[in-house]
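Here's a solo chain for you in structure tokens, the form predicted on its own.
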């Protein structure tokens, strides 16, 4: 087990290094002159060149990359071109707000999807199985902005139950009511995928020899399902849920823009529009770190819950 986790950790570090290189190179090839973006269109060329030298942009690209990634490793995310302030002042609060929205979405979608997938598997071939499967597939194909607009029209405009804008200031419980609509829009996207994985894992577990043996021994169906089926059927689902963390944290541009929510997805989008390369590069790399951490945690849980991997690690 320890060897397996060390291999996964090494792979995560290698992936993060490659991601940092891709992010840096992408930031360099994007059109736009940082010095010109900061000083404006009417600044002289000499002033722009002097500022670029001050920012270290006249150095060779490998040197610029090393300076940037070494500062990042020390917690220095750079200075925003747009706001003339440290990137960390904007990035960490935005990440926290996206995490709040992700938590609300997870609290809704994870138990609902697992319940739906397991229910469909236990009623394989019946009407409820087809209804859950078709509903999940249909919801997953609806674009986020379409479902978001429908939710706004029904619950915010017509019924006036919930606010249109997702409030980003205040304590978690203060902003919670304004996070419900964007969270439901995310549930529509994720429900079908997670429910299908839960259903497939449950069907595989139900067809396994150990479940048939437990059933032949006369164990009650409830005991068989909770003690033998769910423990093994949800292993693939854990990995799937973890892989959606990166999307929930960094792929919320549409949702955050639609609901006027100041999360990290919206921050990265605004940084790309304003050619704020330090903000853009730091934001993407932070999302990569969060995604890799979530995947690593999923690997740990998968190893702990899977007896076969534990036995292999002990050999």
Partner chain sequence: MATTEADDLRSGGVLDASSKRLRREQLRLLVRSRTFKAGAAILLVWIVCAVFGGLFRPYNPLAQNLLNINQPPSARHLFGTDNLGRDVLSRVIIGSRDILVIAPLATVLGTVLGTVLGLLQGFYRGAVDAITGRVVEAFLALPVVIVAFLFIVAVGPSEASLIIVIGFAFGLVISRTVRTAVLQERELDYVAAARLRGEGAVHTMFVEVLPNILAPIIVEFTVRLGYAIFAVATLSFLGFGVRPPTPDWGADIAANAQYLAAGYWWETLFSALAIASLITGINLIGDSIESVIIQ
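Residue numbers count along the first chain shown, from 1. Small disclaimer: the values here were computed from a predicted structure and weren't measured.
The same protein also exists as the form predicted together with the partner chain; that form is not shown, yet it is the one meant from here on.
K.L.:
Decide if the three candidate residues 51, 91 and 179 all line the partner chain in the model of the complex, where lining means a heavy atom within 4.5 Å.
P.N.:
Not a single residue of the candidate spot has a heavy atom within 4.5 Å of the partner chain in the model of the complex.
K.L.:
Taking heavy atoms only, is residue 257 within 4.5 angstroms of the partner chain in the model of the complex?
P.N.:
Looking in the model of the complex, residue contacts with the partner chain include residue 257, since a heavy atom lies within 4.5 Å.
K.L.:
For residue 172, is any heavy atom within 4.5 Å of the partner chain in the model of the complex, or not?
P.N.:
Looking in the model of the complex, residue contacts with the partner chain do not include residue 172, since no heavy atom lies within 4.5 Å.
K.L.:
Quick check on residue 141: any heavy atom within 4.5 Å of the partner chain in the model of the complex?
P.N.:
Residue 141 belongs to the contact set for the partner chain.
K.L.:
According to a 4.5 angstroms non-hydrogen atom cut-off, is residue 269 in contact with the partner chain in the model of the complex?
P.N.:
Contact check for residue 269: yes, within 4.5 Å of the partner chain in the model of the complex.
K.L.:
The chain here is shown without the partner chain. Which stretch in 91-99, 74-82, 143-151, 106-114 comes within 4.5 angstroms of it in the model of the complex, by heavy atom distance?
P.N.:
Among the listed stretches, the partner-contacting one is 143-151.
K.L.:
Just one of 238, 137, 184, 200 has a heavy atom within 4.5 angstroms of the partner chain in the model of the complex, so which one?
P.N.:
Among 238, 137, 184, 200, a heavy atom within 4.5 Å of the partner chain in the model of the complex occurs only for 137.
K.L.:
Can you name the residues of 270-299 that have a heavy atom within 4.5 Å of the partner chain in the model of the complex?
P.N.:
Heavy-atom contacts to the partner chain in the model of the complex: 272, 273, 275, 277, 280, 284, 287, 288, 291, 292.
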